[in-house]
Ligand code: URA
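Presented as structure tokens, the chain that follows is alone, the form predicted alone.
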């Protein structure tokens, strides 16, 4: 329904620059939802979020948690690629945010993992650095939200992978406390 409402979106200056609108993929009834920043070149070409190198890492992270990509839902704040993978601009976020909010409301996940500064700032309205926000549960519209590093950042600074893994283990533990277990539980 939300995807139909978005249509062939022309609500911001990114629309004429895109190849494909990148809405989201995964289980529309997922307990666990990942939100990133914006599509990159690979995502724009395929029309699917997180399919490039950062997406490959995200898939490994999801699998390490005991899930498959199709068990969770993955989307971005922006639905179109900013040129040169630049940071999203406020007017672009404002144009896409209503659709992100509707996605989250339609899916009603039990947990959100916000990947990187822009996703965290958009959802939490907090401009603190991701390094200070990550690893601490917050809430979005009553849903627990774990801010953590974006997989693209982890590719640039692999020393932070251990911190991100800690965050994801906390997500699994919090989900377990409310009776949600991964379909393929990770080894202890």
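Every value quoted in this text rests on a predicted model; they were computed, and no experiment measured them. Numbering follows the first chain given and starts at 1.
The form predicted in complex with the named molecule is left out here; the points below concern that form.
- Within this chain, residue 134 is remote from the site of the named molecule in the predicted complex, having no heavy atom within 4.5 Å.
- Of the heavy atoms in residue 147, none are within 4.5 Å of the named molecule in the predicted complex.
- Looking at residue 40, you'd find a heavy atom of it within 4.5 angstroms of the named molecule in the predicted complex.
- Contact annotation: residue 34 falls outside 4.5 Å of the named molecule in the predicted complex, judged by heavy atom distances.
- Here the chain stands by itself, but in the predicted complex one stretch of 153-161, 136-144, 123-131, 43-51, 43-51, has heavy atoms within 4.5 Å of the named molecule.
- Residue 76 is the only one in 72-92 with at least one heavy atom within 4.5 Å of the named molecule in the predicted complex.
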